[in-house]
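A lone chain, given as structure tokens: the form predicted on its own.
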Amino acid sequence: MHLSRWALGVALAGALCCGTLAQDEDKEVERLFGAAIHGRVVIRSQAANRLVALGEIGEARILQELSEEGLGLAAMGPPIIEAIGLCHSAQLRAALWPALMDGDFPWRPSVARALAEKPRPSETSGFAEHLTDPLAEVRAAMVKGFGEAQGGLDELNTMLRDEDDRVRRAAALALLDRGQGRALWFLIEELKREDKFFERPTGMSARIMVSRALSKRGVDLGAYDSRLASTIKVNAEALQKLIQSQEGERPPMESWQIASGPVLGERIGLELRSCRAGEFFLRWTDTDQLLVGQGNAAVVTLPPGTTQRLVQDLTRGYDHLEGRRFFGAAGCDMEQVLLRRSPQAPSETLVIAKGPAFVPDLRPAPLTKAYGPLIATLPDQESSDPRLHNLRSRAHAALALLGGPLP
């Protein structure tokens, strides 16, 4: 009798313990899910990754939100979307490809990165379809996925000519992983970069990313230090040794594939990032040059005095805003304007941002007025340089989606 009571007590205690553990597990799932969506920006990705690391119970919580009564993929946001790339659920992965193919889906770069995290050989054609996507972030992820899914070498070699450095890096690394040593020449150019976009050290960022990627692949960079200029003695010697170790001659390269140094005299910068219409990096210099792109930018010579006039127009636009420098809310669409009022002054940054929905009159009228003369300087004809091809029309389209159309 006593044994039966003891056994019953053990069983009840076990049931209570399991119930408590289940409740604790459910609470942890909800905590991580909430933190991934509504937590501080710096912890959202970590929370999302910890959620999917719980396995089926974490994946089931995300899947629940894809039902008709749920939040939907877009509302869950980039951290959870990118974490789906680590999931085993075929249902979750199946939700990513339609989102990528939807030109109006707000977080397409995040979807692309999720798909490229663990690419399937059966998806090679899907990756190939988006190698010409208007968004460079999407193209870069698709190149990575395409390469790992054993896509064709011809397509990867074509992507080495992409106008965006992120895409070219992804293509060169994918080719290197496939035993194509010739691709290392293009990464050596990245290790030599010294360019900046105003105060942003774009060249150093490229050097750091490439040196880490090559070291991970066992490429001997010697004493090369990506945080230091490529021209200092230790780096120059390391690069020369790497070049001498290459078989065959350096392949011919387009201007935008070649490393460049910093640009002097930047006065106005306009960075446009549209989750649907692409990305644009534009600068106007004291020497009346329009620079298009990052890295070794395309150069358009403008009539004398153009930049000074544009600086004056934009300065008046800034002054009418009474010190306000941010409009809208953080999202996948962004206009960033940089202005140096004098050649030696630091740049003043103004940002307009929003999500995928159109926001009427988001861009303040004084800025819209100042944009007109800026965009009028952009070339608008066919060009063999992909950065300049119908540039004005493309920039107009992006601006209309971002802060509203120009008059």
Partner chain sequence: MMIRLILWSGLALGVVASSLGVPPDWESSIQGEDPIEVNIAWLTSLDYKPGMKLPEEILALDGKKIQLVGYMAIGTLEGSESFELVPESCECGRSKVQHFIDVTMTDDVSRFTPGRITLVGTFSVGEVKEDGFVTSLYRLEIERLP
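Everything numeric here is computed off the predicted structure, so don't read it as measured data. We call the rigid core the largest set of C-alpha positions that still match within 1.5 Å between the two forms. Residue numbers count along the first chain shown, from 1.
The following text describes the form predicted together with the partner chain, which does not appear among the structures shown.
Participant: Can you pick the stretch from 285-293, 318-326, 184-192, 251-259 whose heavy atoms fall within 4.5 Å of the partner chain in the predicted bound form?
Facilitator: Contact-bearing stretch, as computed: 318-326.
Participant: Kindly indicate whether S67, A116 and R363 are, all three, within 4.5 angstroms of the partner chain in the predicted bound form, using heavy atoms.
Facilitator: Not a single residue of the candidate spot has a heavy atom within 4.5 Å of the partner chain in the predicted bound form.
Participant: Heavy atom within 4.5 Å of the partner chain in the predicted bound form: which of L378, L54, L63, A35?
Facilitator: None of the others qualify; the residue that does is A35.
Participant: Of L131, M334, L302, A95, which one comes within 4.5 Å of the partner chain in the predicted bound form, counting heavy atoms only?
Facilitator: By the 4.5 Å heavy-atom cutoff, the listed residue in contact is M334.
Participant: Would A345 count as touching the partner chain in the predicted bound form under a 4.5 Å heavy atom rule?
Facilitator: No - in the predicted bound form, heavy atoms of A345 and the partner chain never come within 4.5 Å of each other.
Participant: So, R50 and the partner chain: in the predicted bound form, are they within 4.5 Å at any heavy atom pair?
Facilitator: Contact with the partner chain, yes.
Participant: Is it the case that K144, even though its partner is missing from this view, gets within 4.5 Å of the partner chain in the predicted bound form, heavy atoms only?
Facilitator: Because no heavy atom of K144 falls inside 4.5 Å of the partner chain in the predicted bound form, the answer is no.
Participant: Residue-level contact is defined here as any heavy atom of the residue lying within 4.5 Å of the partner chain in the predicted bound form; does N157 satisfy this criterion?
Facilitator: Looking in the predicted bound form, residue contacts with the partner chain do not include N157, since no heavy atom lies within 4.5 Å.
Participant: For the heavy atom contacts within 4.5 Å of the partner chain in the predicted bound form, list the residues of 35-72 involved, in sequence order.
Facilitator: Heavy-atom contacts within 4.5 Å come from A35, R40, V41, V42, I43, S45, Q46, A47, R50.
Participant: Would you say G295 moves its Cα by 2 Å or more between the shown form and the other one, aligning on the core?
Facilitator: The answer is no; the displacement is under 2 Å.
Participant: Using a rigid core superposition, assess whether G269 undergoes a CA shift of 2 Å or more between the shown form and the other one.
Facilitator: Comparing the forms between the shown form and the other one, which are aligned on their rigid core, G269 does not shift its C-alpha by 2 Å or more.
Participant: With both forms fitted on the core, check whether the Cα of E28 differs by 2 Å or more between the shown form and the other one.
Facilitator: Yes, its C-alpha moves 2 Å or more.
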